[in-house]
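For reference, the chain that follows is the form predicted on its own, supplied as structure tokens.
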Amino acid sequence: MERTILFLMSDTGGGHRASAQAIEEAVHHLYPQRYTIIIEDMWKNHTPWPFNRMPDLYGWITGPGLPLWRVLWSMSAYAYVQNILFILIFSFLVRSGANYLGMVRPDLIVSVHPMMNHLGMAWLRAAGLNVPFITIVTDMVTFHPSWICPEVTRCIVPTDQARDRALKFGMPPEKVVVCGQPVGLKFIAPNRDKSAIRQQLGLLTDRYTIMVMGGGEGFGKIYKVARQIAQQAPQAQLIIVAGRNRSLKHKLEAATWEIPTHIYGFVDNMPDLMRASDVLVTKAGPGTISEAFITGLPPVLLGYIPGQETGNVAYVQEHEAGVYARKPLDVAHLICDWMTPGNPTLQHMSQNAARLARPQASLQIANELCQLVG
């Protein structure tokens, strides 16, 4: 008999759904046709107005509204503020979520979003269900305290630093498991020869290759940093991934490039693009950083979301697996320095990045879940 695993999430950014899909892929890989997987945006689909419209603000509040985000993140990190918020809003949010859980009647519930833990347990109790509830923290280091609900069955975190933070916020040690960041199984394939991949992609095989991206949505200073690299690094070639940002892609395609430049929209061959590259310039998203580590690709972090991504920058730099640079021109100068003959920095960072990699994370997490549900 097929068992049902229900993932609770919300599309605030692309990372939560991507993590759930990576684990779903791993479950089906390990145990074909044994589990039905449901990935549900609970906030949009099962909370009343105006709460169900709040995820639509995420792009603005982590972009132009970043000063407000800093205030909200810092204030809500206090336990007493969280308790007040939960008391005030839970009565409005419990009924529809509990009704949905009662309709689906899953055999296992998995949260991959910070708002789905305390609220998810409330839904579980209100639905009268007695099934395991797992939290999978998808932020790398400095995650928000709302991720931690000590009543859950198990809490899976990506790093040892995240484990320490989970314990600090009251998670019992026996419930915490360090597995790494869940990413797609195509990243598990062994690294192929860089020159062969470049040739396959239509790139020049003998040039340093710099990849610039801003996540699936194409956020950040992609255009500015790419232009600076093109002007300052004549010995390089560029891969630029605009993601779903069509206006950015059109702007990139309209520019005149000083060096060979390949421009992509949303891609499904990210492992090959990363393995073809020598340096990645990106924002400090945990999924992208983890993918870069698996491919031995040192990241230059151009920006981060305060709070949940702050620790990612420190983590990368403390392990000498990449750097943080705020200005596009600084990024270009760093890369030019690393490409200087005889400079060992790039190789050193690449080796350190590979040492931090956890390519089996999705499979390990999937196995943890399936062992619990049977």
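Numbers for residues come from their place in the sequence shown, where the first is 1. Everything numeric here is computed off the predicted structure, so don't read it as measured data.
Although it is not shown, the form predicted together with a small molecule is what the next lines describe.
A.B. asks: Quick one: of M213, I136, L297, I109, which gets a non-hydrogen atom within 4.5 angstroms of the small molecule in the predicted bound form?
C.D. replies: Partner contact (heavy atom, 4.5 Å) among the options: M213.
A.B. asks: Out of F86, Y100, Y304, F266, which one falls within 4.5 Å of the small molecule in the predicted bound form, going by heavy atoms?
C.D. replies: It is F266.
A.B. asks: Have a look at 251-259, 165-173, 143-151, 278-286 and name the one stretch with heavy atoms inside 4.5 Å of the small molecule in the predicted bound form.
C.D. replies: Every other range fails; the passing one is 278-286.
A.B. asks: Any of the heavy atoms of M270 lying within 4.5 Å of the small molecule in the predicted bound form?
C.D. replies: The answer is yes: M270 has a heavy atom within 4.5 Å of the small molecule.
A.B. asks: Quick check on G243: any heavy atom within 4.5 Å of the small molecule in the predicted bound form?
C.D. replies: So G243 counts as contacting the small molecule.
A.B. asks: Give a yes/no on whether P359 approaches the small molecule to within 4.5 Å in the predicted bound form, heavy atoms considered.
C.D. replies: Flag for P359 set to no.
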